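Next up: just one chain, as C-alpha coordinates, the form predicted alone.
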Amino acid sequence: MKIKQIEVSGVHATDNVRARVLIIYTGGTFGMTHDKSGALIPFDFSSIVEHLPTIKNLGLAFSVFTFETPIDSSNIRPEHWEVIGKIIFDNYSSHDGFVVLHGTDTMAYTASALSFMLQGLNKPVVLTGAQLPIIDPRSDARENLITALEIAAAKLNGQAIVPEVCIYFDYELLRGNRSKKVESMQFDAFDSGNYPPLAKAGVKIDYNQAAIRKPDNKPVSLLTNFNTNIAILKLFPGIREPVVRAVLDTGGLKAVILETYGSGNAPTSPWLIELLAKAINSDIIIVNVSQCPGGMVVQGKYETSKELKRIGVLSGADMTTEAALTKLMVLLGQYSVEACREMIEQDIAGELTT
(Lines give C-alpha, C1' and ligand atoms only; values in the text may rest on other atoms or scores of the structure.)
Protein backbone atom coordinates (compact mmCIF):
# COMPACT_ATOMS: atom_id res chain seq x y z
CA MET A 1 0.00 0.00 0.00
CA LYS A 2 1.65 3.23 -1.19
CA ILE A 3 1.40 6.45 0.80
CA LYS A 4 2.71 9.80 -0.34
CA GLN A 5 3.25 13.07 1.44
CA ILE A 6 2.09 15.96 -0.70
CA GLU A 7 2.62 19.69 -0.75
CA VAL A 8 -0.65 21.63 -0.64
CA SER A 9 -0.28 24.68 -2.83
CA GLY A 10 -0.90 27.94 -0.99
CA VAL A 11 -0.64 26.44 2.50
CA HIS A 12 2.82 26.54 4.02
CA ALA A 13 4.20 25.31 7.34
CA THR A 14 5.75 28.32 9.09
CA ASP A 15 6.67 29.14 12.67
CA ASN A 16 3.89 31.74 12.90
CA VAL A 17 0.96 29.35 13.27
CA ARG A 18 -1.39 28.51 16.11
CA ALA A 19 -1.28 24.76 15.54
CA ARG A 20 0.08 22.06 13.25
CA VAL A 21 -2.41 19.55 11.91
CA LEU A 22 -1.76 16.41 9.91
CA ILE A 23 -4.37 15.40 7.33
CA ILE A 24 -4.63 11.81 6.10
CA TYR A 25 -6.69 11.41 2.94
CA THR A 26 -7.83 7.82 2.41
CA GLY A 27 -10.52 8.37 -0.21
CA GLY A 28 -14.30 8.29 -0.04
CA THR A 29 -17.04 10.56 -1.36
CA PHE A 30 -15.34 13.67 0.06
CA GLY A 31 -12.63 13.82 -2.61
CA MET A 32 -14.50 12.75 -5.73
CA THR A 33 -14.65 14.68 -8.97
CA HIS A 34 -16.04 14.02 -12.43
CA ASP A 35 -14.05 12.67 -15.34
CA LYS A 36 -14.83 13.56 -18.97
CA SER A 37 -17.59 10.97 -19.11
CA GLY A 38 -19.24 12.33 -15.96
CA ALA A 39 -18.26 9.38 -13.77
CA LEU A 40 -17.01 10.05 -10.23
CA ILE A 41 -13.27 9.50 -9.72
CA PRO A 42 -10.86 10.51 -6.89
CA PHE A 43 -9.41 13.98 -7.29
CA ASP A 44 -5.84 15.16 -6.73
CA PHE A 45 -5.81 16.24 -3.10
CA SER A 46 -2.99 18.68 -3.75
CA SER A 47 -5.63 20.90 -5.37
CA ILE A 48 -7.70 21.12 -2.17
CA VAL A 49 -7.07 24.87 -1.86
CA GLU A 50 -8.78 25.44 -5.22
CA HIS A 51 -11.90 23.78 -3.86
CA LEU A 52 -11.60 25.21 -0.36
CA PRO A 53 -9.66 28.51 -0.35
CA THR A 54 -10.82 29.25 3.21
CA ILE A 55 -8.34 26.67 4.43
CA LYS A 56 -5.58 29.26 3.99
CA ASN A 57 -7.21 31.53 6.58
CA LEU A 58 -7.26 29.10 9.50
CA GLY A 59 -3.82 30.03 10.83
CA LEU A 60 -2.75 26.39 10.73
CA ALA A 61 0.22 24.58 9.30
CA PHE A 62 -0.50 21.34 7.49
CA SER A 63 1.14 18.10 6.59
CA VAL A 64 -0.88 16.02 4.15
CA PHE A 65 -0.52 12.31 3.56
CA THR A 66 -2.66 10.57 0.98
CA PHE A 67 -3.22 7.02 -0.13
CA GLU A 68 -1.61 6.97 -3.57
CA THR A 69 -4.68 5.13 -4.78
CA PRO A 70 -7.65 6.46 -2.76
CA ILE A 71 -10.09 3.73 -1.78
CA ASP A 72 -13.80 3.36 -1.31
CA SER A 73 -14.28 2.77 2.40
CA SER A 74 -16.18 -0.45 1.64
CA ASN A 75 -12.73 -1.86 0.84
CA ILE A 76 -11.17 -0.85 4.16
CA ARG A 77 -9.19 -3.56 5.91
CA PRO A 78 -7.13 -3.78 9.10
CA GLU A 79 -4.02 -3.24 6.97
CA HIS A 80 -5.34 0.25 6.22
CA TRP A 81 -5.93 0.90 9.93
CA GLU A 82 -2.33 -0.09 10.56
CA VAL A 83 -1.11 2.42 7.95
CA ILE A 84 -3.28 5.23 9.34
CA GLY A 85 -2.21 4.47 12.92
CA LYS A 86 1.48 4.37 11.95
CA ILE A 87 1.28 7.75 10.18
CA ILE A 88 -0.27 9.28 13.30
CA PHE A 89 2.22 7.59 15.63
CA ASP A 90 5.29 8.49 13.54
CA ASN A 91 4.22 12.15 13.30
CA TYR A 92 2.71 12.44 16.76
CA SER A 93 5.29 14.65 18.43
CA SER A 94 5.41 17.20 15.58
CA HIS A 95 1.66 17.81 15.27
CA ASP A 96 -1.08 19.11 17.55
CA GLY A 97 -3.92 17.15 15.99
CA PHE A 98 -4.91 14.84 13.17
CA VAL A 99 -7.76 14.74 10.65
CA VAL A 100 -8.57 11.55 8.75
CA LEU A 101 -10.69 11.96 5.61
CA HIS A 102 -12.55 8.71 5.14
CA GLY A 103 -15.58 7.26 3.40
CA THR A 104 -18.66 7.12 5.60
CA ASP A 105 -19.63 3.47 5.14
CA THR A 106 -16.93 2.08 7.45
CA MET A 107 -15.87 5.25 9.25
CA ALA A 108 -17.25 4.03 12.60
CA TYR A 109 -15.17 0.84 12.30
CA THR A 110 -11.98 2.80 11.58
CA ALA A 111 -12.64 5.29 14.38
CA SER A 112 -13.26 2.44 16.82
CA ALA A 113 -10.14 0.58 15.72
CA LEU A 114 -7.93 3.66 16.07
CA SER A 115 -9.27 4.31 19.57
CA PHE A 116 -7.99 0.90 20.70
CA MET A 117 -4.76 1.04 18.68
CA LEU A 118 -3.57 4.44 19.94
CA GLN A 119 -2.91 3.83 23.62
CA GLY A 120 -2.16 6.91 25.76
CA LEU A 121 -3.63 9.30 23.18
CA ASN A 122 -3.73 12.93 24.36
CA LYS A 123 -4.28 14.70 21.05
CA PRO A 124 -7.35 14.89 18.79
CA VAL A 125 -7.83 12.39 15.97
CA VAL A 126 -10.88 13.57 14.05
CA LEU A 127 -12.42 11.47 11.29
CA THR A 128 -14.69 13.18 8.80
CA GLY A 129 -15.94 12.87 5.26
CA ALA A 130 -18.95 13.85 3.22
CA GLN A 131 -22.23 12.61 1.84
CA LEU A 132 -21.70 14.68 -1.33
CA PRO A 133 -18.38 15.26 -3.16
CA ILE A 134 -16.61 18.54 -2.49
CA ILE A 135 -17.22 19.64 -6.10
CA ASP A 136 -21.00 19.48 -5.57
CA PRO A 137 -22.49 22.95 -4.90
CA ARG A 138 -24.46 21.56 -1.94
CA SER A 139 -21.63 19.44 -0.56
CA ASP A 140 -21.25 19.02 3.19
CA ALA A 141 -17.52 18.42 2.67
CA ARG A 142 -16.45 22.04 3.17
CA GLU A 143 -18.04 22.56 6.58
CA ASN A 144 -17.06 19.11 7.78
CA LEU A 145 -13.39 19.59 6.93
CA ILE A 146 -13.08 23.17 8.18
CA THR A 147 -14.65 22.36 11.54
CA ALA A 148 -12.73 19.10 11.88
CA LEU A 149 -9.51 21.07 11.41
CA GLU A 150 -10.62 23.61 14.02
CA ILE A 151 -11.35 20.82 16.51
CA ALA A 152 -8.06 19.08 15.79
CA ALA A 153 -6.24 22.35 16.53
CA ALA A 154 -8.32 23.45 19.53
CA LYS A 155 -6.50 23.90 22.85
CA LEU A 156 -7.34 25.18 26.30
CA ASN A 157 -4.50 26.24 28.59
CA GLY A 158 -2.06 24.63 26.20
CA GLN A 159 -3.81 21.25 26.22
CA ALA A 160 -5.93 19.65 23.52
CA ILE A 161 -9.64 20.15 24.21
CA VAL A 162 -10.64 16.80 22.70
CA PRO A 163 -7.80 14.31 23.29
CA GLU A 164 -9.51 11.28 21.77
CA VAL A 165 -10.57 9.63 18.51
CA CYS A 166 -13.84 11.12 17.30
CA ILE A 167 -16.07 11.62 14.28
CA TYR A 168 -17.22 15.06 13.15
CA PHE A 169 -20.25 15.17 10.92
CA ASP A 170 -23.16 17.52 10.33
CA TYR A 171 -22.35 19.96 13.15
CA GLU A 172 -21.81 17.27 15.80
CA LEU A 173 -18.65 15.75 17.26
CA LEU A 174 -19.14 12.17 18.45
CA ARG A 175 -16.87 9.74 20.27
CA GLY A 176 -15.52 7.47 17.56
CA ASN A 177 -16.05 4.15 19.31
CA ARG A 178 -19.62 5.09 20.28
CA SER A 179 -20.66 6.00 16.74
CA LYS A 180 -22.69 4.22 14.09
CA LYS A 181 -23.62 5.19 10.57
CA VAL A 182 -27.40 5.55 10.67
CA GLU A 183 -28.24 7.50 7.51
CA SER A 184 -27.26 7.15 3.85
CA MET A 185 -29.41 9.88 2.28
CA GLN A 186 -29.26 12.73 4.80
CA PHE A 187 -26.31 14.77 6.04
CA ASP A 188 -26.68 13.60 9.67
CA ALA A 189 -25.01 10.30 8.83
CA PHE A 190 -23.82 9.33 12.33
CA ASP A 191 -25.27 8.90 15.78
CA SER A 192 -23.98 7.79 19.17
CA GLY A 193 -27.16 6.57 20.80
CA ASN A 194 -25.54 5.58 24.08
CA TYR A 195 -23.32 8.62 24.52
CA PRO A 196 -23.88 12.38 24.22
CA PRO A 197 -22.10 14.46 21.56
CA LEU A 198 -18.68 15.75 22.56
CA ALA A 199 -19.38 19.08 20.88
CA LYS A 200 -21.91 20.89 18.72
CA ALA A 201 -20.87 23.43 16.12
CA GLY A 202 -22.94 26.55 15.59
CA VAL A 203 -21.77 30.13 15.56
CA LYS A 204 -19.10 28.76 17.88
CA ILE A 205 -18.06 25.25 18.80
CA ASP A 206 -19.69 24.33 22.10
CA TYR A 207 -17.66 21.60 23.78
CA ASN A 208 -19.33 19.21 26.23
CA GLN A 209 -16.41 19.07 28.66
CA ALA A 210 -18.13 16.56 30.95
CA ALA A 211 -18.40 14.03 28.11
CA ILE A 212 -14.87 14.38 26.76
CA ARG A 213 -12.43 11.67 27.80
CA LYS A 214 -9.56 12.85 29.98
CA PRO A 215 -6.05 11.81 28.89
CA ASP A 216 -4.28 9.29 31.12
CA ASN A 217 -0.89 11.06 30.69
CA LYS A 218 0.86 7.89 29.56
CA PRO A 219 3.28 7.89 26.62
CA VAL A 220 1.46 7.23 23.38
CA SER A 221 1.94 3.75 21.94
CA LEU A 222 0.56 1.91 18.93
CA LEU A 223 -0.94 -1.58 18.74
CA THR A 224 -0.97 -2.96 15.20
CA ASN A 225 -1.56 -6.69 15.47
CA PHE A 226 -5.08 -7.74 14.52
CA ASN A 227 -6.79 -11.11 14.75
CA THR A 228 -9.70 -11.18 12.32
CA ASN A 229 -10.92 -14.68 13.14
CA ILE A 230 -14.19 -13.22 14.39
CA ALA A 231 -17.80 -13.68 13.32
CA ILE A 232 -20.98 -11.68 13.89
CA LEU A 233 -24.06 -13.78 14.56
CA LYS A 234 -27.31 -11.83 14.45
CA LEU A 235 -30.25 -13.60 16.01
CA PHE A 236 -33.67 -13.45 14.38
CA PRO A 237 -36.99 -15.22 14.88
CA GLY A 238 -36.77 -18.56 13.14
CA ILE A 239 -33.00 -18.81 13.02
CA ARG A 240 -32.07 -22.42 12.30
CA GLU A 241 -29.61 -24.70 14.03
CA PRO A 242 -27.54 -25.43 10.87
CA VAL A 243 -26.93 -21.70 10.39
CA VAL A 244 -25.65 -21.20 13.94
CA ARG A 245 -23.63 -24.42 13.78
CA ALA A 246 -22.00 -23.32 10.51
CA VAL A 247 -20.86 -20.04 12.07
CA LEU A 248 -19.55 -21.62 15.27
CA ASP A 249 -17.76 -24.40 13.37
CA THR A 250 -15.79 -21.95 11.23
CA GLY A 251 -12.16 -23.02 11.17
CA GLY A 252 -9.84 -20.92 13.33
CA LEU A 253 -12.70 -18.98 14.91
CA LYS A 254 -11.60 -17.07 18.02
CA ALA A 255 -14.61 -14.92 18.92
CA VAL A 256 -18.25 -14.28 18.08
CA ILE A 257 -20.28 -11.13 18.53
CA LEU A 258 -23.80 -12.30 19.33
CA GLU A 259 -26.34 -9.64 18.35
CA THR A 260 -29.29 -10.29 20.63
CA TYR A 261 -32.68 -8.71 21.26
CA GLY A 262 -33.36 -5.83 23.64
CA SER A 263 -31.23 -5.90 26.77
CA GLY A 264 -29.35 -9.04 25.73
CA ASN A 265 -32.10 -11.60 25.27
CA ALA A 266 -31.99 -14.70 23.10
CA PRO A 267 -34.21 -17.71 22.34
CA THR A 268 -34.11 -20.35 25.07
CA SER A 269 -33.98 -23.21 22.56
CA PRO A 270 -31.82 -25.97 24.11
CA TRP A 271 -29.92 -26.51 20.85
CA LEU A 272 -28.83 -22.85 20.77
CA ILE A 273 -27.59 -22.86 24.36
CA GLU A 274 -25.78 -26.15 23.80
CA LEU A 275 -24.01 -24.88 20.68
CA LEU A 276 -22.94 -21.65 22.39
CA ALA A 277 -21.73 -23.52 25.49
CA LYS A 278 -19.74 -25.94 23.34
CA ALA A 279 -18.06 -23.03 21.56
CA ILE A 280 -17.20 -21.31 24.85
CA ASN A 281 -15.74 -24.55 26.21
CA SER A 282 -13.56 -24.62 23.08
CA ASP A 283 -12.08 -21.23 24.03
CA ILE A 284 -14.20 -19.20 21.62
CA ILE A 285 -15.11 -15.84 23.17
CA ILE A 286 -18.78 -14.89 22.76
CA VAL A 287 -19.77 -11.28 23.43
CA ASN A 288 -23.41 -10.27 23.79
CA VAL A 289 -24.35 -6.93 22.18
CA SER A 290 -27.84 -5.59 21.58
CA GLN A 291 -29.41 -5.11 18.18
CA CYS A 292 -30.96 -1.92 19.56
CA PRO A 293 -29.23 1.38 18.66
CA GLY A 294 -29.64 2.54 22.26
CA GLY A 295 -29.66 0.91 25.68
CA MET A 296 -27.42 -1.83 26.95
CA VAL A 297 -27.08 -5.54 27.59
CA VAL A 298 -28.00 -6.61 31.12
CA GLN A 299 -27.60 -10.38 31.17
CA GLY A 300 -29.92 -12.04 33.67
CA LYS A 301 -32.47 -9.23 33.72
CA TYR A 302 -34.93 -11.51 31.93
CA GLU A 303 -35.24 -15.28 31.87
CA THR A 304 -34.19 -15.24 28.20
CA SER A 305 -30.68 -14.04 29.04
CA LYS A 306 -30.00 -15.95 32.26
CA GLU A 307 -28.80 -19.02 30.36
CA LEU A 308 -26.36 -16.94 28.31
CA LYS A 309 -24.80 -15.62 31.49
CA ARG A 310 -24.68 -19.08 33.04
CA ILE A 311 -22.75 -20.66 30.17
CA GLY A 312 -20.17 -17.84 30.04
CA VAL A 313 -21.36 -15.46 27.34
CA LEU A 314 -19.73 -12.09 28.09
CA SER A 315 -21.71 -8.87 28.31
CA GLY A 316 -20.91 -6.19 25.75
CA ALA A 317 -22.81 -3.68 27.91
CA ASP A 318 -23.62 -0.67 25.68
CA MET A 319 -20.88 -1.22 23.08
CA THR A 320 -21.71 -0.85 19.42
CA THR A 321 -21.09 -3.82 17.18
CA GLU A 322 -18.34 -1.78 15.49
CA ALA A 323 -16.58 -1.17 18.80
CA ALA A 324 -16.97 -4.77 19.97
CA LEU A 325 -15.59 -6.12 16.69
CA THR A 326 -12.52 -3.88 16.50
CA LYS A 327 -11.83 -4.22 20.22
CA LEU A 328 -11.77 -8.00 19.87
CA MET A 329 -9.52 -7.78 16.80
CA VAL A 330 -7.00 -5.66 18.68
CA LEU A 331 -7.16 -7.58 21.98
CA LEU A 332 -6.87 -11.00 20.32
CA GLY A 333 -3.93 -9.67 18.33
CA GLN A 334 -1.99 -8.88 21.53
CA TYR A 335 -3.16 -11.08 24.38
CA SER A 336 -4.20 -14.59 25.39
CA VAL A 337 -7.82 -15.70 25.28
CA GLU A 338 -8.01 -15.56 29.09
CA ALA A 339 -6.73 -11.99 29.17
CA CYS A 340 -9.14 -11.01 26.40
CA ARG A 341 -12.08 -12.44 28.35
CA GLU A 342 -11.24 -10.11 31.23
CA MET A 343 -10.51 -7.04 29.12
CA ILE A 344 -13.52 -7.21 26.80
CA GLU A 345 -15.84 -6.20 29.66
CA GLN A 346 -13.51 -3.40 30.79
CA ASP A 347 -13.64 0.16 29.51
CA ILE A 348 -10.44 0.75 27.51
CA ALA A 349 -11.13 3.87 25.45
CA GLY A 350 -14.55 5.12 26.54
CA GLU A 351 -16.37 2.52 24.47
CA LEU A 352 -18.64 1.23 27.22
CA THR A 353 -20.32 2.33 30.41
CA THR A 354 -19.01 0.43 33.40
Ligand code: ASP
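Given the structure is predicted, the values throughout are model-derived calculations rather than measurements. One rule holds for the numbers: they count along the sequence shown, beginning at 1.
Just so you know, the form predicted in complex with the ligand exists too; it's not on screen, but the next bit is about it.
*Asks:* Is residue 72 one of the residues lying within 4.5 Å of the ligand in the predicted bound form, judged by heavy atom distances?
*Replies:* Taking the distances in the predicted bound form, the answer for residue 72 is yes, it comes within 4.5 Å of the ligand.
*Asks:* Would residue 130 sit within 4.5 Å of the ligand in the predicted bound form, counting heavy atoms only?
*Replies:* It does: once the ligand is placed as it appears in the predicted bound form, residue 130 has a heavy atom within 4.5 Å of it.
*Asks:* Even though the partner isn't displayed, in the predicted bound form is residue 188 close enough to the ligand, meaning a heavy atom within 4.5 Å?
*Replies:* Close contact is absent here: in the predicted bound form, residue 188 is far from the ligand, nothing within 4.5 Å, heavy atoms only.
*Asks:* With a cut-off of 4.5 Å between heavy atoms, is residue 316 one of the residues that contacts the ligand in the predicted bound form?
*Replies:* Although the ligand is absent here, residue 316 would stay clear of it in the predicted bound form, with no heavy atoms inside 4.5 Å.
*Asks:* If the cut-off is 4.5 angstroms on heavy atoms, which of these, 265, 139, 104, 194, is the one near the ligand in the predicted bound form?
*Replies:* Selected residue: 104.
*Asks:* In the predicted bound form, which of the stretches 254 to 262, 220 to 228, 268 to 276, 104 to 112 has residues with heavy atoms within 4.5 Å of the ligand?
*Replies:* Residues of 104 to 112 come within 4.5 Å of the partner.
*Asks:* Counting only heavy atoms, which residues in 83 to 99 are within 4.5 Å of the ligand in the predicted bound form?
*Replies:* Heavy-atom contacts within 4.5 Å come from no residue here.
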